[in-house]
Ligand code: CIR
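To begin, one chain is listed below as structure tokens, in the form predicted on its own.
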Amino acid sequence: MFTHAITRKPGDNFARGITNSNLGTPSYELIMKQHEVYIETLRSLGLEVIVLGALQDFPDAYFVEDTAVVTPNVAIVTNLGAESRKGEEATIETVLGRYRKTVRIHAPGTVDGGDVLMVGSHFFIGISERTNKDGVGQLGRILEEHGYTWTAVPVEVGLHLRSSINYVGKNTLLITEKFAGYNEFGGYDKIVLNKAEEYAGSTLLINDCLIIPKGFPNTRKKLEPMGLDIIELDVSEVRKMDGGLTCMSLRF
């Protein structure tokens, strides 16, 4: 059960962040409204939400998930793979230190939290443009020291592993067609996303509730038989910045 979440407000220069999307110019006014609804949704599910102020020097800093991997036993502060984001981690480490023992990933290793999927006591760690093999090795060793197991997964498409796959409970993965064929995920039931709705893979399981991006009816229809409460949130402006629901909080 999650009891806490860390979030950070977007800065008024958030549109200067890293993105490869071509979905139009993002709106600061609208992302602030959407972000506030996101925070209130987490609170409505019983989480204590820590809201950090914007970091003007880091337009992507509201994607706090990338800065740490939080387990019940330890918080691993990452070393972000994008040069322009290095430095975001320090402020998160201070906050996490109130709740967990913290350790760090060190250069030349890089890890983005968006490449790490926790399923019970097992972790899938994506090797991507942002998370390199050295970082995966460091993270894996730390996890082993605290009683966890892990599997490295090559991320050949998408920004992060969790852009394409997320755990939705009951031994089930919400997953793209590309990743559904990976042997690493052979022991799980799978809900395979339609290609037109792959963005909906950024679905967030909070205890017994699924938060999904608004506007993907086929994905919602596939998830409904699981019997979990489903909340749809509009994250149009976050999507324009290559982000999703999972990116905007650290849950623990």
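In this text, residue numbers run from 1 along the sequence as written. None of these values were measured; they are calculated from a predicted model.
Just so you know, the form predicted together with this ligand exists too; it's not on screen, but the next bit is about it.
Exactly one of the stretches 155-163, 118-126, 133-141, 96-104 approaches this ligand in the predicted complex with heavy atoms within 4.5 Å, and it is 155-163. Although the partner is absent here, residue 235 is not a contact residue: none of its heavy atoms lies within 4.5 angstroms of this ligand in the predicted complex. Among residues of the shown chain, residue 18 is one whose heavy atoms approach this ligand to within 4.5 Å in the predicted complex. Contact annotation for residue 247: at least one heavy atom lies within 4.5 Å of this ligand in the predicted complex. Residues 60, 63, 65, 66 are the members of 40-74 with a non-hydrogen atom no more than 4.5 angstroms from this ligand in the predicted complex.
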